[in-house]
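Laid out below as structure tokens are two forms of one and the same protein chain, each shown alone and named structure 1 and structure 2.
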Structure 1
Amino acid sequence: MDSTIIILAAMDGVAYAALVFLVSVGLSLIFGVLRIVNVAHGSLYAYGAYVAASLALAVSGISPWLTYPALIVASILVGVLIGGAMEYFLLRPVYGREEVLQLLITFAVFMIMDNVQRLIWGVQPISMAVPLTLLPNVEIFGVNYTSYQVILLPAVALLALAGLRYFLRYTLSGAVILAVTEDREAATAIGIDAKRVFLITFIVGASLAALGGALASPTTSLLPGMGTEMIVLSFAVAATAGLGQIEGTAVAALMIGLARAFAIYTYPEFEVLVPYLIMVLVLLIRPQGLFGVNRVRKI
């Protein structure tokens, strides 16, 4: 394999990994703190994309540059309104109950959101590429890339990773979340409002899924079922890393993104298989994931 292919594949792999990381890390964060596998996480990704596209199309007439803030606003709106409502009204009543019940509730939410999505936005693919077209293309070895995908998306993913690390390790709120994660009863006993921590964590996780969708919206067609695709992939990434592992999720996303890109360049038949092959191999060797630790909650 010549160096040109390695560099080109690496560019594609990193761009792909950036989006996958944003969604997967939200899933992992929620599991790490709430111990809930949120099946509706893919729907939050889809809603982030649809709301972002709707907002961006609405403001692009005023100034195309307003589409960038629209992507951020959409992510926060979806995270706070939908994520917040989901945690407060549906998940809070079932904490401490059987895990399967929580799983079923999030699955039901996923089904409902999928149908509501079709009612609101219809079934025809929607496209909104304005933010992407505002940035120039870059040429690498004669191949054109959009700087949106190879520069902006990885930069946002890195910022999100650094931000989450800083928040959890160096802020009081982060310390509170870690305390609740480690021992909810002890944390509650010293006056920490665990319910509030759960709500905030869920909103942050949901907003990250929505941010992934919002940032993906200029690059893809929005259509029914897009959330399903992403939830399967983000589960693979989160499971490979070990559920609840922030940095591990970044490494797993990068690993899967790069492996997929190299597969397309060398053995395209394996493109679909690669992420899941990696997950199965990792779980066979380390059932807790690459960075997971048995019986210890970590985020």
Structure 2
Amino acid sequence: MDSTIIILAAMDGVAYAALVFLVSVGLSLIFGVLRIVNVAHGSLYAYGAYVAASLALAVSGISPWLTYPALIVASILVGVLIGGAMEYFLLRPVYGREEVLQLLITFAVFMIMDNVQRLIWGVQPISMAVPLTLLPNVEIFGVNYTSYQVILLPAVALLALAGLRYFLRYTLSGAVILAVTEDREAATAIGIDAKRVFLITFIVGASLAALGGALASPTTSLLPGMGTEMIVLSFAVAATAGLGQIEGTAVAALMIGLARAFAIYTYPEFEVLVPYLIMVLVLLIRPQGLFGVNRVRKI
């Protein structure tokens, strides 16, 4: 394989892995604390992208640099307003009931959000590449690449990983979340408001999915169905790592992102197959995932 192709595939893989990690770690965080597999997580990614593009297009006429805060604002808006409403009005009433009911509700939300998305933004592609063009290209081993994708996206993913680790392990709020994760009844008995913990956790997870979509919006055309592709892939990453494993999600996202990128450059017909092939192989050997543990719940 040509060295240029290897470098391009590696940089594509790292950039894509950063986006997939942000979405997957939100999914994994929600599952780790709430024990809910949120099928609508991909819709939060898509809404993050569409809202970010809409806000960025609105402010780009004032100053192109305002498009960067627009990406952050969009992810927070989607996480707080949509994620918060989803947890409070739809999921909270079914906590403690059959898991299949929770799964069906999130699937119904996914279908509703997908149709509402088409009503609001239509079915034509939407492009908003302003943030991408503001940063210069960088040359890595003789290959030019956008610094937005090869530097900014991985940096944001690493910051998210480090921030989550610090928050969960070294802050009082993180300790409260871990306590609810380990034993909800015992945590409630000592005065911890488990419902509030669930709401905050869901908003954080939803905001991470929306952030992934917001950061992806300058790099691709926004189309209906983009949430479906991402939720399936993020499930593959989270299952490969082991649901609830934050650090493992980063490793699995990088592994699957690189494998997918090399497949695109070498055997593009295997682009879709490779991530799920990795997931199946891992689950056959370790049903709990690469970093999952039996019986001990960990986030």
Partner chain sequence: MSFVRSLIAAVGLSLAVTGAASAQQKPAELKIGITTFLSGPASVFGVPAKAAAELLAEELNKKGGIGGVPVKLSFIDEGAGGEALVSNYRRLVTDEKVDVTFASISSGSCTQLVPLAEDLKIMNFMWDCGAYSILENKKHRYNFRTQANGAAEMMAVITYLLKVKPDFKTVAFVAQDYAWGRESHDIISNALKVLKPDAKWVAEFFPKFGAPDYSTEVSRLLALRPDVVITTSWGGDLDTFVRQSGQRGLLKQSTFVLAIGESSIQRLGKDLPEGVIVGARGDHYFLHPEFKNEPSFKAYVQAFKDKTGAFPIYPAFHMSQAFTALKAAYDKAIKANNGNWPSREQVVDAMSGLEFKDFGRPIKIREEDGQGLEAQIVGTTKQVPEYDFKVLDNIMVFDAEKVATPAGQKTIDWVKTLKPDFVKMEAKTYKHGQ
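Take the two forms, superpose them, and find the largest set of C-alpha atoms that agree within 1.5 Å; that set is the rigid core. Counting starts at 1 with the first residue of structure 1 and goes up one by one along its sequence. Bear in mind the structure is a predicted one, so any value in this text is a computation, not a measurement.
Which number, 1 or 2, marks the form predicted on its own? The chain shown as structure 2 is the form predicted on its own.
Align both forms on the core first, then report whether V143 has a C-alpha shift of 2 Å or more between structure 1 and structure 2. Where the cores coincide, V143 still shows a C-alpha shift between structure 1 and structure 2 that is 2 Å or more.
Threshold 2 Å Cα movement between structure 1 and structure 2 at I278, rigid core reference: No, the C-alpha moves less than 2 Å.
After superposing on the core, C-alpha shift for A9 between structure 1 and structure 2 in angstrom: That residue's C-alpha sits 2.8 Å away in the other form.
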